[in-house]
Structure formats: C-alpha cells, structure tokens
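To begin, one chain is listed below as structure tokens, in the form predicted alone.
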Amino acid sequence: MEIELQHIHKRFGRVHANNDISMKLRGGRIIGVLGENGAGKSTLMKILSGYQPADSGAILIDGREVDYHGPQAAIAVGVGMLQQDPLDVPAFTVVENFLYGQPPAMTRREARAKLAQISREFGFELDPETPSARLSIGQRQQLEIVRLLALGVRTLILDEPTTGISAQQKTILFDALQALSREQGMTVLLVSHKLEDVIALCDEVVVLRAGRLVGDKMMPATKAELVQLMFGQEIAPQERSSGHIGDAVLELDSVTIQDRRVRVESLSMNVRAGEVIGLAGLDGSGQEALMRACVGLINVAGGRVRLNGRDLTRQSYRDRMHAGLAFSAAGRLEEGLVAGLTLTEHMALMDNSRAMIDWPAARQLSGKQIERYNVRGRAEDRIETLSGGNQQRWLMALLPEQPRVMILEQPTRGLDIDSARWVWQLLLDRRAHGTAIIFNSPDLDEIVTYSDRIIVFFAGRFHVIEDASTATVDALGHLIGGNFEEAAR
C-alpha cells in the first residue's frame, strides 16, 4: 500500500498547522514522523486517518485519490490511527471495545475468538471480560491495535505510543510493529519525540518544523543528526544539578496503600524542602499508587500522611491542595484537563477566591500564562484542539506558583527534548525557592538526571537510592525488574 500526500494545508485560526506538505509513504516500512511540539505532526496524521479534514490538498492511495470524511471511512480504505490517548470506552469490557466498529453480524463468540487469535499472534495478554478502565495504557494500546487489525487496516499510525508504558510493554509493542511491517508488508507511521525509539525501530524519518516538511532521512542515523533535523541546531546534553535541601515538609509514616492493582506496605519517608524524588518502576508497580495516596485520591490502608506536621491522612484532595500539595496527572484529557473548555475557562476554574468568575481577569491571566509557558494556542481555543505537548504545557501553567510539594505524573509526557528541558528549568526554579518535587517517568535518563533520591518499585516492594548521583540507567533497569537483593549487596 503506497500513500501520497499532495500539498496538504490546514489552518486553526492564525496557526498554519500544515503548510503545503507533500510526501510519499511506501509500504512495508516503519517511518518516523518527527518534529518539535506544535510542528504539525499530529494534525497531519489526523488528516490522513480521517479525524480532521484538510483545508486543501489531496490524499492518494495506490495512485487513486480518496476523499473520505471520518475515521471509519479511512479505515475502510485501510488507514487506521492509534491516538496518543487510546479512544476506548472505559465502561466496556475488552471484548465489547473490540466489537465496537466491527461488522454488525459478528457475534460475541466470534469476537472473542478473533481477539484471542490476533492477541496470541503478537504476544498481547488481553482478558476479554476485563473492563477497559482497569487496563494499563500499554494494554489499551494493544486492544486498539488488535481492533484496527481486525478491521483490515494496512497503514497503522501511532501517536506517541511509548509514552506512559513500561519497558516490557514497549518491547512487546516494537516486536508487533516489526512483524506487521516486515512480515505482513504494512506501513507503520510512528509519531514520537523519543529519538531512541525512532533509532531502534524506524527505516526512515520525515521531519516537520512549524507546519512545513523540512527534511527526510533514511536510517540509521544518530541522535545528534535527528536533533539537528528537528531543531536546526544541536542541543547540549543536560547536566545534573543540585539545590539546597531543607527540613522535612511531607512525612509518610508506615503508610500502607492498597489499590486495585498493587499493595505497598509500611513505606516511611520524609520529603524535604527543595528535594526532587524520582519514582521508577513498571506500570502498576506501586509508584502511581503512592503519588495518589499522598494527594488523597487513594485512601491509605494504614499509617499517617503529614504536611508541615499537620495530619492529612483523612483529608480530602481539595483540602490537601489548599494545604500546599499540587498534583498533575499523566492522563491529560482524562483527569488533568476538561475537553470542550477553552484555555480561559480552565484558568477560571482554578480561581477559588471569588463566588463569581471575573472573566476579564481570567482572559488576562490566560494570555500571560500562554506567553510565559510558550503555549501554541489562544485563550479562546478549546483545549482538545491543542497538540499533546501544548496541552502538557497548559497543565503546568495551571499549577500553583509555589506549593510546598509538587507531585507530578510524567511531567514531560509528549514533549520534545527542548520543551522537556524547558519544563524542568521551571520546576527547578520552584525547587530553588523551597518546593519539594515528587515525580515519576518511564524515561530512566530523566529520573537519573533530575532526582536527588530515587525510589524504585516492583510489585509493591520498593528500594531507595539515597544518592541519585550514584545511579545509572542500567542499574535502574535491573532494579525495575525486581533484582533488589543484588543491589543490597
């Protein structure tokens, strides 16, 4: 299957998201689609997959122009897209999500058999009767891939598929993509900011910058070469930095946490002012449960949580926010932001000081934060129209300026190298003024670079590295696999 894009244009108000883009995509290859945040990558892929119409231009498949409206029409001609946030229905079971969009004549028994067959072929483990809400991000991606394959797609588009999944899930995903490309002749388009993933997986790359196609390159290529293509210049490696660490601000005293996936028992630690603590582990190992227990989204089964000596163990999420905790969720549109609301409306929601909304003040503050956080969007734009990276920037813009403790799930999720570094500079500025930071990330380099202490989780167990400067990515990898005994020797 060969796809050709001819002179694609797409505007959102004043933003020319795609500006005269033409390219040919050959079958049987894995093609990386690179560019900084807001470069137009996701917009182009949504046009190709029917989620958005182009303002002008043409799409040719095997030499024939197609004019489809909507993702179902795109799937009918063989093009399907896995969104950065999979579009499953949380209340449906796995098999019910699989059935969604399949031919009406397909029975539930036939769907279970087809689901099992494709899952087995690619090493996916999907229980057909498990509600989608209980799946990890990696499993939700697997479910969507299986569903698209059952619908007969021949070109598979993946938008930031390794964001928020474990190393083990990434290996399974990569093996599946290579089998689809090399054994079944499918075209795979990989939109990613993780250059190490592109280097490991792709046969070639195309690069967008400010809405234009600025380059393409056959692989292999070095990380430095790809960065040069994306930004027009090299970016120096980030060096470790340290700040002044003060007294304890957040105390966990023999805390036990039980959620639906894991149990963490008797964890005690003091989080000190100006300290950065990185949490590492496979998805569902306990790090997410710890963070949510700290902010009151999960009740602790035992022990005490204190902030500046005040017992918050039975306090609500809202009370903890007022006390000086700040939380940012990894699921941007699921938990952190509200689809359908504008940037200004999000800003108004954050103002608890008035009974009535001061709209002029909210618009003025939105404009200030848009400029400060370099968000490519306008105050009146709905949040879902922004790119994933710009949604992440707006999440950061909504956080309090100087909380006592910031608890951040994947704070650089979906950000390019330069943007991720810029976000960390903002966080480290807050650390310099005494804010403690607890964060998790699937990027072990990020954890090693920015942490003062590291806590590694495996199936509810945990291992503390008191001095993160002694840690290496390789050593963390062994610990994440549960090899705590060797580390203790």
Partner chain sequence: MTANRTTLRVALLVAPILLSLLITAVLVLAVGKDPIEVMTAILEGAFRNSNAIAGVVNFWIPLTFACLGLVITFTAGLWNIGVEGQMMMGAVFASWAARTIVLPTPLLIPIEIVLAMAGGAFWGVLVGVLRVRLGVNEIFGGVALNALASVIVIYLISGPWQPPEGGSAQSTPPFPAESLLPEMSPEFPVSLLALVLALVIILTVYFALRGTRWGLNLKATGKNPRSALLLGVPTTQTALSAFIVCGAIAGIGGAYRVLFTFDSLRPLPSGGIGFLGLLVVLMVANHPLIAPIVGFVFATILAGSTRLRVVLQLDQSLAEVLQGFVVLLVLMANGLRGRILSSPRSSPEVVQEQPAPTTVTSAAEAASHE
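This one's a predicted model, so the numbers in the text were calculated from it and none came from an experiment. Residue numbers count along the first chain shown, from 1.
Omitted from view is the form predicted in complex with its partner chain, to which the following refers.
Student: So if I measure heavy atom distances to its partner chain in the predicted complex, which of the stretches 222 to 230, 175 to 183, 370 to 378, 322 to 330 falls within 4.5 Å?
Tutor: Careful reading of the contacts points to 322 to 330.
Student: Test of understanding: in the predicted complex, would Leu337 fall inside 4.5 Å of its partner chain by heavy atoms?
Tutor: Yes, contact at 4.5 Å.
Student: With a 4.5 Å heavy atom cut-off, would you call Asp283 a contact of its partner chain in the predicted complex?
Tutor: Looking in the predicted complex, residue contacts with its partner chain do not include Asp283, since no heavy atom lies within 4.5 Å.
Student: Decide whether Ala248 counts as a contact residue for its partner chain in the predicted complex under a heavy atom distance cut-off of 4.5 Å.
Tutor: No, Ala248 stays farther than 4.5 Å from its partner chain in the predicted complex.
Student: Just checking whether Arg120 would be counted as a contact of its partner chain in the predicted complex - the rule being heavy atoms within 4.5 angstroms.
Tutor: Taking the distances in the predicted complex, the answer for Arg120 is no, it never comes within 4.5 Å of its partner chain.
Student: Please tell me which of Lys217, Arg382, Arg261, Arg310 lies within 4.5 Å of its partner chain in the predicted complex, judged by heavy atoms.
Tutor: Contact residue from the list: Arg382.
Student: Name the residue from Ala133, Ala116, Ile199, Leu398 that puts a heavy atom within 4.5 Å of its partner chain in the predicted complex.
Tutor: It is Leu398.
Student: If we check its partner chain in the predicted complex, which of the residues in 328 to 363 reach within 4.5 angstroms of it by a non-hydrogen atom?
Tutor: Sequence-ordered list: Ala329, Arg332, Leu333, Glu334, Glu335, Gly336, Leu337, Val338, Ala339, Gly340, Leu341, Glu345, His346, Ala348, Leu349, Met350, Asp351, Asn352, Arg354, Ala355, Met356, Ile357, Trp359.
Student: Based on a C-alpha change of 3 angstroms or more, tell me if Val338 and Asp55 lie closer or farther in the predicted complex than in the shown form.
Tutor: Farther apart, which means the C-alphas of Val338 and Asp55 are at least 3 Å more distant in the predicted complex.
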